[in-house]
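Just one chain follows, in the form predicted on its own, and it is written as structure tokens.
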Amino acid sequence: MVFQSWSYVGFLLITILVVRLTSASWRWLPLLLASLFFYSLTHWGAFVILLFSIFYTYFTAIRVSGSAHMSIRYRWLLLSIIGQVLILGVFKYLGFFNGVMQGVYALLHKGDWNDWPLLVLPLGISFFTFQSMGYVFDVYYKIRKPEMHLGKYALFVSFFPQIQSGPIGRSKEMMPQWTSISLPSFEQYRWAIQLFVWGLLKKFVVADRLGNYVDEAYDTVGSMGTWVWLFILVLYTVQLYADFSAYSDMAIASARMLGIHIPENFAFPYKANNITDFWRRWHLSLSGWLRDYIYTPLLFSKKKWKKWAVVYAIGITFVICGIWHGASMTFVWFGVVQAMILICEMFTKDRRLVWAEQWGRTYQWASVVLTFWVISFCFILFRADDMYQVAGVLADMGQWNSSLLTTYLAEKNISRLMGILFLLTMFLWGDERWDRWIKQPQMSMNKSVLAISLMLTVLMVLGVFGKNDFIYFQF
């Protein structure tokens, strides 16, 4: 059941009605039942895996908290994390390891490798395993006490607006809300509806429209040159952000209609002036999770290494970040490349500060443009099916033949491409302004009706319908 479907709208409305008819201290129960029902529709095997993850981390967190000795606490933490990593490894990465073994056998001329059976990939497995692991970490570091109420903990892991693609919630922010859930006011409902429609517009008008051009380009690698690919890279960079931020906005809106606050996931990442700043703005819930539970412990464990401790922590953190995104070497290399850039930025920080003082706003704008192009090139690894396709794109980009651009313009209709460029310009230039306007807490009834009406009109006129899945569903 996807957000941009009438079935989801009906499901959400029924859930809102039941929650409103339930007393504040018991509203967690209809939310839990709705969440479990919502996820059970994906696949019965995935539902069983989710339940196992809930029970496993619930009991291991209690053992972590109940152990008096630090060594025993650490063993229970390790056991809990190993269990969750095994779930990810078996159900998400088995195919990846299978491909690696095929390559090894072929390299060593040992005949054919017996393929492992393909298992169901549970929807949102990367998100709910990280969310439950974060909870166990919080208990281990004594940030919070373990949740003894199994039902409320199960709701934390399975809450339906965020289980498919986040944002990854934190126990200290989410779980206290289950105690007494307040009903939203009329103004809050109106705010949430505006945000939900804004998400729909970004998905159907921006992301899916650009996706048509991006998908075709990657399906026909080798037939275009440098200039066309530069255009496609920009399209995918905007598509990915519009698609994922649309999901996040719709998740936040859905939760708010139920009286629950979940965190923002983006802070206008394409305004970043370097890759370090980009990761402070992009997928905030994942970046924060990696910083608090992977990067910081690694950094402190090797603090005697000084700057090299930072190199060590960045390297491991971003390899994990890459692998988390997908079971493919393209994602591994994405993480490696990000780590290399971040390490380079660390060693050049002082020099760049001098340049910033010397050149002022010119340096700032140049840095933003350069960062955008760097991340656009990195996203080739994010979008390509495999490393062969990455190599094909890079080889294709070496063709500076202007006739290939002319042919592309003729095939796609130059007026239509000008419309796409106008759409891109309006989105990149006005995204922050529109986003802040849509999300402002106080807005008059007339302005709210006008905003929703305008967005629905644009959606009906310019929307591209038929693509149901969000990009991050594959993760």
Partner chain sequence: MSNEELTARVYGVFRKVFKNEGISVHRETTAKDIAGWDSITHLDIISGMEEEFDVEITGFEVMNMSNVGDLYDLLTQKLAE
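Positions refer to the first chain, counted from 1. Quick caveat, the model's predicted, so the values are computed rather than measured.
The discussion below concerns the form predicted together with the partner chain, not included here.
Peer 1: Have a look at 233-241, 183-191, 140-148, 246-254 and name the one stretch with heavy atoms inside 4.5 Å of the partner chain in the predicted complex.
Peer 2: Correct option: 140-148.
Peer 1: I'd like to know whether residue 346 contacts the partner chain in the predicted complex, with contact meaning heavy atoms within 4.5 angstroms.
Peer 2: Yes.
Peer 1: Is residue 296 near the partner chain? Define near as a heavy atom within 4.5 Å, in the predicted complex.
Peer 2: Residue 296: yes, in contact with the partner chain in the predicted complex.
Peer 1: Look up in the predicted complex whether residue 68 has a non-hydrogen atom within 4.5 angstroms of the partner chain, and give yes or no.
Peer 2: Because no heavy atom of residue 68 falls inside 4.5 Å of the partner chain in the predicted complex, the answer is no.
Peer 1: Does the 4.5 Å heavy atom contact test between residue 300 and the partner chain in the predicted complex come out positive?
Peer 2: It does: once the partner chain is placed as it appears in the predicted complex, residue 300 has a heavy atom within 4.5 Å of it.
Peer 1: Quick one: from 306, 261, 361, 351, grab the residue that has a heavy atom within 4.5 Å of the partner chain in the predicted complex.
Peer 2: That would be 306.
Peer 1: Which listed residue (292, 215, 386, 277) meets the criterion of a heavy atom within 4.5 Å of the partner chain in the predicted complex?
Peer 2: Only one listed residue qualifies here, and that residue is 292.
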